[in-house]
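In structure tokens, the next block holds one chain alone, the form predicted on its own.
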Amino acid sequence: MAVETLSSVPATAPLLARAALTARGRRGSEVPERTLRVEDVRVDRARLAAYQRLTGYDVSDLLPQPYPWVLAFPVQTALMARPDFPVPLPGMVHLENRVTTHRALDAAQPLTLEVTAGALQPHRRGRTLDVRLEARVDDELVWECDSVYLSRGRGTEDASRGEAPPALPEGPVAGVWRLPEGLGREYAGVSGDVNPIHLHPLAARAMGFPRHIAHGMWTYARTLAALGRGSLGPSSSRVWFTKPVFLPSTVELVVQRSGRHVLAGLRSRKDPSTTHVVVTLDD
């Protein structure tokens, strides 16, 4: 595996623009064996505090479990925007994450971030792609994440559907959240993820959505924050993004605890049979 070290974390917006301009004609089947690395990544505390406020965490120097993903997102985008990457980045659907934090992460500690893409796999709605993200302090692996994305297209009917998310728990609603029309723009401001499908209904319609949608990583972070401090220390979580949350919208949080295992998720307030996000946490 070739490892390429970037001099700094790249800017996301130009990369997304480049990916949009070069999307046509990407029909390859081989993912380059390449890891992108950025060393000495330092946390901007003001930006971290804004992220914590927007996602429901207490403001502190402890990094929320999804935050290294936010830090690595520009590196991931740089990998996928390369001319030899076989699938187009625009329109790619984020299906799930599996995340492990090996110890509490302090904002004062510089991180080394690495991103590697795996092989394309058949899916009934196109092809899926696994992306591996890792964060280290010096040589210590402190955080790791495996993300799964769907590149939509002609699918394979008999392809494996992967592990289905557990059904959301029954019982009383633990919270009701009203998500404003501008949530996507707010989250883009604190995360750097300026994908147009989250910013404005007209941009979302151009990508095939009836309205703009909330960032899946916001719904994931907001759900983990509502579960308490367990995910701030050594812990593992998994999230399935099952249905987009159109903005504005109102969602319900449901939670079930069994010892150190938690099952939670968001469903539509208007139609509780519509599940948007399913999260498990083990701490």
Partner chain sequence: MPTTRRAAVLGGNRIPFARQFGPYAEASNQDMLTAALEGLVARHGLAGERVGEVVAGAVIKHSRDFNLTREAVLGSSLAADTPAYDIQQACGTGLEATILVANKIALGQAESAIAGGVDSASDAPIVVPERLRRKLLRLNRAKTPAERAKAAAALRPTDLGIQVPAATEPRTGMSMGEHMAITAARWGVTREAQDELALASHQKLAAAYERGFFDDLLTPYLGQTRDQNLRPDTTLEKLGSLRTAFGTGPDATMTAGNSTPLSDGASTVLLGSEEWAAAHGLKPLAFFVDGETAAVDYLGGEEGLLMAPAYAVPRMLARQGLSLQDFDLYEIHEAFAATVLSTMAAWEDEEFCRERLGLDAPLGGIDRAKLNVTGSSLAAGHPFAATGGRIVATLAKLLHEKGSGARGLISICAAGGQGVVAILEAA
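Residue numbers count along the first chain shown, from 1. This structure is a prediction, so every number in the text was calculated from the model and none was measured.
There is another form of this protein, the form predicted together with its partner chain, and it is not shown here; the text below is about that form.
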Subject >> in the model of the complex, residue 58 touching its partner chain (heavy atom, 4.5 Å) >> reply: yes
**OP:** Find out whether any non-hydrogen atom of residue 43 is located within 4.5 angstroms of its partner chain in the model of the complex, and reply yes or no.
**Re:** no
Original post:
Is the gap between residue 229 and its partner chain in the model of the complex 4.5 Å or less for some heavy atom pair?
Top reply: yes
**OP:** May I ask you to check whether residue 54 falls inside a 4.5 Å heavy atom distance of its partner chain in the model of the complex?
**Re:** no
**OP:** Go through 239 to 247, 32 to 40, 210 to 218, 60 to 68 and give me the stretch that gets within 4.5 Å of its partner chain in the model of the complex, heavy atoms only.
**Re:** 60 to 68
